[in-house]
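Have a look below at one chain only, the form predicted on its own, in structure tokens format.
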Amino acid sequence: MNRALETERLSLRPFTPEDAEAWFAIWGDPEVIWWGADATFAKSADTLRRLVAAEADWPEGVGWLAVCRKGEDEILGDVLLQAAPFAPGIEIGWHFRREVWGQGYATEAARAVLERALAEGVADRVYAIVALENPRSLRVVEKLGMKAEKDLEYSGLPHRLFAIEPSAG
């Protein structure tokens, strides 16, 4: 399970089932989750409940973190570390509410999670996979110092696989 973390502007903490409304504000928005947003609040709340329950059995440092501005409770987005279904290791990912796009929160939060994971040996390499039609996330991986490894098709869409190792970070 992942632990809380702070950056200059942000507080990151594990999700709880009580975060269902905030989760749905992200995962139910078809402009944010354009590849398949949750159609209903009930489906979204169930997904979050199952994720929180499953994380109890995940290795230390792996999991999903809710991202808030320091001193505020409103969830702006999420950053995740989980087993990568497309590469042999751990993936990092992020999803943020549209109204906070362009403010650097994804990069700031992902950098903190990535740096801690590499420093604590959670993974020897961390991967990210980004749809080629997602320029915002392509900029985030670039800012994180992740290096492109190859292009591939994932979930029926063209993606680019990125990776980073402790010596590169």
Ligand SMILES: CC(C)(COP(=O)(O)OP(=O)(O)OC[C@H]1O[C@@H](n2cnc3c(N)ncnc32)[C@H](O)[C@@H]1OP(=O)(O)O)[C@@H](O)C(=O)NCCC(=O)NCCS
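Quick caveat: nothing in here was measured; it's all calculated off a predicted structure. Start at 1 with the first residue shown and count on from there.
There is also a form predicted together with the named molecule; it is not shown, and the following applies to it.
The three marked residues, Glu31, Trp101 and Thr107, each reach the named molecule in the model of the complex, with a heavy atom inside 4.5 Å.
Residue-level contacts in the model of the complex: of Ala123, Leu114, Ile129, Leu48, one residue has a heavy atom within 4.5 Å of the named molecule, and it is Ile129. Annotated contact segment (heavy atom within 4.5 Å of the named molecule in the model of the complex): 129-137, selected among 50-58, 115-123, 129-137, 65-73.
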